Structure formats: C-alpha cells, structure tokens
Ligand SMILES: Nc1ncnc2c1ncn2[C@@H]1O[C@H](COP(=O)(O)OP(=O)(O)O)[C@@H](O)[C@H]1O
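Coming up is one lone chain in structure tokens, specifically the form predicted on its own.
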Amino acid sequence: MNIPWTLKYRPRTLSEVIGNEDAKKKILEWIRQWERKPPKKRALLLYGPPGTGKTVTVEALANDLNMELVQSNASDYRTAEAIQRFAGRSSRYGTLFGKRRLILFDELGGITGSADRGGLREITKIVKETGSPIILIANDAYNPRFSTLRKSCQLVEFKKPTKTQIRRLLAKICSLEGIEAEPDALKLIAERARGDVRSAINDLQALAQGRKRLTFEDVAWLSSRDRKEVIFNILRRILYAGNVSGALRAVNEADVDLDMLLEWIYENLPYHIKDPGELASAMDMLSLADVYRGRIAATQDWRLMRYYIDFMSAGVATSWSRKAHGWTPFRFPSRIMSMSKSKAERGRLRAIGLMIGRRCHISADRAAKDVIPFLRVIMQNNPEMGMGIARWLGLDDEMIAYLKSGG
C-alpha cells in the first residue's frame, strides 16, 4: 500500500522536528510552567509559513510529555456553540486517566471568514479562563481579526528550515527507503521547496518512489515556474471534481502551462482510474483535447482553446466515477522527463562538438557526427591515447567522463 511519506516519516518526538530550535525551546518552557501554576498567558499562538513544522511540533511535544492531545482544525468550528462544545469542557475538566491535557486549534486562519458566528470571540474567552494549556496555530499572527486574541497569547514564530536541514532530512528518508540519491538531486529538491518541508517530502516521493537511484538529471528537468504542489492540487481538483464547473475552475484559476498540464493528466490517468472502460473514456477525452491542441498550432485560431481546456478538464473529470481506494501518489510525466534528458544530452554533445570544432576548424555538427563516435571508441579501447587527445582538444573532466561512459 502506498503511504504518503509526509505521514510515514512524520516526527514522533521533538528531536525529530527539523529546525526552529528556539521556537521548540520556548514551547517546552511554557509547558513546564504549567507544572507549577498556569502562566500569565495561558495560550501560545504559533505562527509562520506553511510546512515549517508548527503542527508536528505540538504533536511531538504531546507525545514526548505523555499528554492527551485534544486537536481540531479551527475552520471546522466557526460558531461559539461548536467551540464551547469542543474546547470549553476540555479546558476545565481533567482527563479520564489522569493525563495532562493539551488543546490544539490548528489553521486558525480558517475561522476568520464571513461564516464565523462568534467562534473567534469564544476562543478568546476560553483562552482567558482555561485550566489546560491551549496552543493555536496560524500562518499570520498579525491578522487584524486576531488583535484581541493576540493580547492573551504568547507568540512563538516558526521560520523556514534551511536548505541544508531539509536536504539532510531527504537524505535520511532516502536511506530508510533504500534509495541511492545524488547529493545535488536532493539539494535541488530542497532549494525548490523554499522552506516547505511537506512540499520537499512530497516532491521526493513523487520523484523517487519505486526507484533504487535518484540522479540530478531526474530532478533537473523540473520547471521552476510550475511548482509541483500547485500541479498536484490542480490534478486532484480535475480528476476528482464533483462537477463540470469544478474541473473547469481548477484550470482557469491555475497559472500553469496547459501543454505541461496535459502531459501530467496523461501520465496519471492509468494510476487513478482502475476501470478499463472508464479509463478508455477518459483517454478519449484527452485525445480530443490533443486534437484541438494540434489545430490551434496549425491554424493559430485561439478560439479553439476553450475546447482544448474543456476536453482536458471537464471531459476527463466526467468520464469516470472517481471511486479511488486508498492513496495514489501523482507521478511526474515520463515523456517530459525523457525529452528533457535528451535535450540535455544534445546540449552536452554540442558543447563537445564546439570544442573539437575550434581545434580542428570544422563545424560543431560535423564534429558531433564524424569525430565524437571515433573518440568514444578510442576512449574505451585505449584510455591513455584517448585522454591525450581529449586534453589536446581542451575537453573538461565532465566531457571526458561522458565520452568514456559511451553517452
């Protein structure tokens, strides 16, 4: 069974949460104060960018200290009555087995919409009176709606982990999964995650799951413009859309390259649609989208774009029952990866051809066609002579290694 690696490798103790050592220390000190008497501020407000470890830190803390964690997403409790039912009693009464209780309100930003009917006000009231520690989590602690609540909370900021910290975590996961990963590949994933640990782990799983080796080339083709979590979200909204408008809205609201999106859908359909008949219907819709893509390219009639988008999104979404079992990870388009690798190889050959051309006074194309094949044979059969020629041509170590490998 496929298990999300973000869940499989979720920290169980504070020592496993990467980064934010100062924040973890402040939280632990605040909890320790409760062992003597309730502190002046009976709630913590953790804030910072998504994916920086706010929620997992609280969960790990409760596990380390053997506390009963009463946890909820605050966006699910917008009314004062619901808040009181969830946290009011928990904040006043002890646990059944005598454990200390820790109350967590996650994603506090979700309670600031128009649907809020006294929920935020009730949370503020409970925070002032609570007999149990309460931790609240938000991306932005300085949202104007939190101004009153903020006065009753001790603020703890979470910052983005460093690229080095994320890379080390990815290396550890690869080791546990039996994957040999090139350091540069993990470095690139960490860089593109931009401090979001969840994003980095999701990217790693999508790229490396099922492999024994992950190379830089497996990662380098990815476009920095199309963030992977954005594409994952679009795919999920298209494939599992409840209606036509939902699928169309997913495409219209997304800033992604449509041709790239078509490749993503094509790659992932067979893994999500298990029924052969439904898969055939979805593929028919995708083929029609491809037909219109070709017509647009041939005629430059951009009025046809609506049909391209309609068949790719709504057509696919309505072609199957969307009864998926378990969790199926999204996969990167193998066709795009192959094209990228071949493009990189062509670039390498041209660079070598240019070096040969300058020395031998011939074109790079002729060098690639007439000289490189013979140079490869020499490299493999008489390495000493091959190295001498390579040095005379001015080739660098990377070019020489490429020729030795046979390309």
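Values in this document were obtained by computation on a predicted structure and should not be read as measured data. Residue positions are given as counts along the sequence shown, with the first one as 1.
A second form of this protein, the form predicted in complex with this ligand, is not displayed here; the remarks below concern that form.
Note that among 146 to 154, 259 to 267, 195 to 203, 235 to 243, the stretch whose heavy atoms approach this ligand to within 4.5 Å in the predicted complex is 195 to 203.
Although this ligand is omitted here, in the predicted complex none of E180, L207 and T215 has a heavy atom within 4.5 Å of it. Although the partner is absent here, P161 is a contact residue: one of its heavy atoms lies within 4.5 angstroms of this ligand in the predicted complex. This ligand is not shown here, but in the predicted complex it comes within 4.5 Å of a heavy atom of L169. For A367, no non-hydrogen atom is located within 4.5 Å of this ligand in the predicted complex, even though that partner is not displayed. Heavy atoms of V56 reach within 4.5 Å of this ligand in the predicted complex, making it an interface residue.
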